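Below you will find one chain, with nothing else, as C-alpha cells; this is the form predicted alone, and questions on how it binds or moves follow later.
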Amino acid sequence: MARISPLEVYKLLPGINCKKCGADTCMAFASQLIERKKKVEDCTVLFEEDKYKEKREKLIELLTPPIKEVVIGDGLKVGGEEVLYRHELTFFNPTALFIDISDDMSDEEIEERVRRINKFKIERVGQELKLDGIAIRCKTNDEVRFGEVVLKVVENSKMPIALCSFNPEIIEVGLGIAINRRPLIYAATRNNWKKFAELAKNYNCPLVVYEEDIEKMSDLVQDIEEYGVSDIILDFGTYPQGEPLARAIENMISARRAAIEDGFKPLGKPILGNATVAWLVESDPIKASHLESSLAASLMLNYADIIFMHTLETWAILPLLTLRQNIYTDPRVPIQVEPGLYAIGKPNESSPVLVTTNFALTYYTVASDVEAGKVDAYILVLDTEGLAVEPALAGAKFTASLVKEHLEKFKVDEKVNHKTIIIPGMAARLSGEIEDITGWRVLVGPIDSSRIPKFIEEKWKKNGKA
C-alpha cells in the first residue's frame, strides 16, 4: 500500500484555511491527519456544509487504515495499522496483553489475581509499562458461577475485559453484568456465529472470530459483517509448538499481507493470539511461564494485536513489555526526555554536575547508576534531538556551544558554588573546546556510567569538590 501524501489529503479538504481545526492551514491539518494527531471530525466545515459531502466521504475512506482499529472498553485501541514493517512508518497501537482468570478458581485466588493485574507496573526509560486487560474464561460451563466471577472482576477492576466461552448463553450472562464495559466477546465460530453476531450487535461489543483455515476465516468474516457486525478480531488458533503453531503464524502473516499489500478488507482486522496454550503441554509453572513468554513474543513479532496470557511472573512478562515498547516506539522520533537540569538525590551547592544527552535510555541509565551509587548530583541534559552520546557527537548534535547554551539557559551557576562539569568519556575530545567557550573547568568522566559513583568518590569527594 502506497503511503498517503499530505497533498492527497489536502485536495479533499475545504482549502479555506479557517483555522477552526486548530491548525494554521489546511495543508498543516492534512499532515496532522496523516500522523493521527487530528481527526477528520476536527474539520467542522467539512461536516457542516453539504457541498463537501463527497469530499468528506472520500477523505474518510482514504484515511481509514487497511487494518481496522477496534476499541475495547472505553478506550483500548487495537489494530489500526497501515504498514507491514515498523521502519516504513510506525506502528500505532501496541499489542494488548490480557491476563486470564477462569471461573473454576476460588474467590480468593481471583481477588488476588485481579489485585496483581491492577498493580502490575514497571517503569522503563521514563515510560510506565503495564498490562492492558483481563480475559474471563468459563471453564465450569455454569452460567451462575461465570456471572459471579464477571461481577467480581467488574467490581474490582476498571481494566478492559474479555468474556471467553463458545457458549453464547454464557456470554450473554456476562454481557448483562458488564453491560457498561463494552467487553470483547470470544469467540464466534462456523457453528455459533449467528448467535454471537446477534450478541455483538445488541450489546455493541467487538467480536473475536475463531477459524484456523484462512479462506474459511475470510468467508466467515464476510457473513458476520453482512449480518451487521463491524468490530471484528481474528483468531487463527494458537498452538504451543510444532507444525500447527507454524501454520497459525503463517496465517497471521498472510492475513496481514493480504490486507495491507492487496487491500483485502475481510482480513483487514486485528489479530488475537492465545499464549495460554503453553500451559497445556507444561505442568511445571516455571517451564510453562517460560514457554508462554517465548510464545507470546513470537505472536507479537508476527502481528498479534491482542495476546491472552496466564502467567503473572514479572520475569516472564517484563521481556514482553520491553519488546512491545521497542516495537511500538516511533522510529522517526527517538525516545527522549526534556532537556534541563535534573537533581538526583539531594544535591547541594557543592555537588557535581554531570552532562549527558536527552536520549531517554542514556539519561535513565546515567540517572539510575548515579542513584544506585547514592551520589547526590545534578545532571545537565542537553537537547541532542534524542540521540545518544556517540551518534550525537558524530552528527554534531553534542557540541561545546550547546553545552554553553544549556549551562546558561538552566542557570547552573546559580545552583552550585563551583564551575566544574563532568562530561561523558566518549566526549573527551570536546573538553578543551568546552573549557574555552564556557569558562567552566571540565572533567572527563568514565565511558561506562556504572563507574560514575567510583569516579565521583575518587575525583570529587576526596578533594571536597573538583
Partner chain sequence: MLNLDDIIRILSEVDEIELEGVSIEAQELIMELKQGLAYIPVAKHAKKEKVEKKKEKLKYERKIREYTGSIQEVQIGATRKEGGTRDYVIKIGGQTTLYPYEGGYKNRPVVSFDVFDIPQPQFPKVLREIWSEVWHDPVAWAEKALEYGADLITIHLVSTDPHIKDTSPREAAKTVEELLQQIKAPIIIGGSGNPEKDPKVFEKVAEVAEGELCLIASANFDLDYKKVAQVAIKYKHNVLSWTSLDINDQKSLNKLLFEEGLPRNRLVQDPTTAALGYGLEYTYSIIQRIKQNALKGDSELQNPISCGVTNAWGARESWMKTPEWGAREYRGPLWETVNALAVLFAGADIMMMLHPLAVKTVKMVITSIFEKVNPSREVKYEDWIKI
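As the structure is a prediction and not an experimental result, all values here were calculated from the model. Here, rigid core means the biggest group of C-alpha atoms that superpose within 1.5 Å across both forms. Positions refer to the first chain, counted from 1.
Missing here is the form predicted in complex with its partner chain; even so, the following discussion is about that form.
Asker: Please identify the residue among 157, 93, 329, 127 with any heavy atom within 4.5 Å of its partner chain in the predicted complex.
Answerer: Residue within 4.5 Å of the partner: 329.
Asker: Taking its partner chain in the predicted complex as the reference, which of 122, 89, 76, 393 has a non-hydrogen atom within 4.5 Å?
Answerer: By the 4.5 Å heavy-atom cutoff, the listed residue in contact is 122.
Asker: So if I measure heavy atom distances to its partner chain in the predicted complex, which of the stretches 68 to 76, 242 to 250, 376 to 384, 348 to 356 falls within 4.5 Å?
Answerer: Among the listed stretches, the partner-contacting one is 242 to 250.
Asker: So, residue 153 and its partner chain: in the predicted complex, are they within 4.5 Å at any heavy atom pair?
Answerer: No, residue 153 sits far enough from its partner chain in the predicted complex that none of its heavy atoms falls within 4.5 Å.
Asker: Is residue 294 part of the interface with its partner chain in the predicted complex - any heavy atom within 4.5 Å?
Answerer: Answer yes; at least one heavy atom of residue 294 falls within 4.5 Å of its partner chain in the predicted complex.
Asker: Is residue 190 near its partner chain? Define near as a heavy atom within 4.5 Å, in the predicted complex.
Answerer: Contact check for residue 190: no, nothing within 4.5 Å of its partner chain in the predicted complex.
Asker: Given that its partner chain is not shown alongside this chain, does residue 164 nevertheless sit within 4.5 Å of it in the predicted complex, heavy atom to heavy atom?
Answerer: Taking the distances in the predicted complex, the answer for residue 164 is yes, it comes within 4.5 Å of its partner chain.
Asker: For the stretch 361 to 385, which residues lie within 4.5 Å of its partner chain in the predicted complex by non-hydrogen atom distance?
Answerer: Heavy-atom contacts within 4.5 Å come from 361, 364, 367, 368, 371.
Asker: After fitting the rigid core, is the C-alpha of residue 374 off by 2 Å or more between the shown form and the other one?
Answerer: Yes, the C-alpha moves 2 Å or more.
Asker: Tell me whether residue 286 is among the residues that move between the shown form and the other one (Cα shift of 2 angstroms or more, core superposed).
Answerer: Comparing forms between the shown form and the other one, the residue 286 CA shifts below 2 Å.
Asker: Is there a C-alpha shift of 2 Å or more at residue 388 between the shown form and the other one once the rigid core is superposed?
Answerer: Yes, the C-alpha position differs by at least 2 Å between the shown form and the other one.
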